[in-house]
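Here you'll find one protein chain in two forms, each presented separately as structure tokens under the names structure 1 and structure 2.
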Structure 1
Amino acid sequence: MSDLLERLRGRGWRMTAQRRVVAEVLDGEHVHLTADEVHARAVAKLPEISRATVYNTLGELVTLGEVLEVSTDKRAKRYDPNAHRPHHHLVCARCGSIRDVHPTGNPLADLPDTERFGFTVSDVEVTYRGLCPDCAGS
């Protein structure tokens, strides 16, 4: 489970009712919601929360480095609270569902010097694609 709420409290982030609801909606394991999905779930908890507040809060969380903005295809961006544990994503090519995966090994070290072309590589993003069990079964 994500520790987003604890991380935000530890930073001294001003926890308004609206911010708290957005953080609660995002908190969890394998959470990759679009801004519209975050808004819909936030409205269920706090009916007066506006779409603009949700978008602004998501932007703040990304800027703080507490939430990752994930774009795995041409679909809407998704927001991942698992920002402090290195991981990759497993994406269903049909329905777009996303799971966090933690393979062993170091993909950064797996790139040979001859393939770095003089770059100082600091980060790597790996996306595995396939069909989730629900889509594979249908």
Structure 2
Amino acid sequence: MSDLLERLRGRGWRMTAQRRVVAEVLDGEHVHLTADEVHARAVAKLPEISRATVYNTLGELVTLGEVLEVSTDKRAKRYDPNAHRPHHHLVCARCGSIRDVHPTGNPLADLPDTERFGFTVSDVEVTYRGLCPDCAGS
């Protein structure tokens, strides 16, 4: 965690209590939280923190490349603190829970030039969908 804070300080971030709290929340258990969940956990540590600040801070972290935005469905965006290891996502279609996964293969190489339509393709995102053990069981 202090890694993250150090990197941020190094990038000229002014270190406020609010930003520290948001960084701590993300750096805790590695789950994929929505902005509102981040806010809820931040409030537990710093009751007066506002929603706007959480949104601002998350946006900045995304811009800095420290956190990834994941929008696997129409519901709220989720934030993935695991920005430094490339990975993809496995999403439960029922409950929306997310796991990071590391498939073999390179989907970027699987897109022939004829299928690129003049686009400059820079990134690929693979989302596997299915049912998590809990939802499949019930």
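Please read these numbers as outputs of a predicted model, since none were measured by experiment. Numbers given to residues start at 1 and step along the sequence of structure 1. For the two forms, the rigid core is made up of the largest set of C-alpha atoms that agree within 1.5 Å on superposition.
Between the two isolated copies of the chain, the second is the form predicted together with another copy of the chain.
The rigid-core alignment places the CA of Arg116 2 Å or more apart between the two structures. Thr104: CA moves 2 Å or more between the two structures after rigid-core fitting.
Met15 shows a C-alpha shift of 2 Å or greater between the two structures [criterion: core-superposed Cα displacement of 2 Å].
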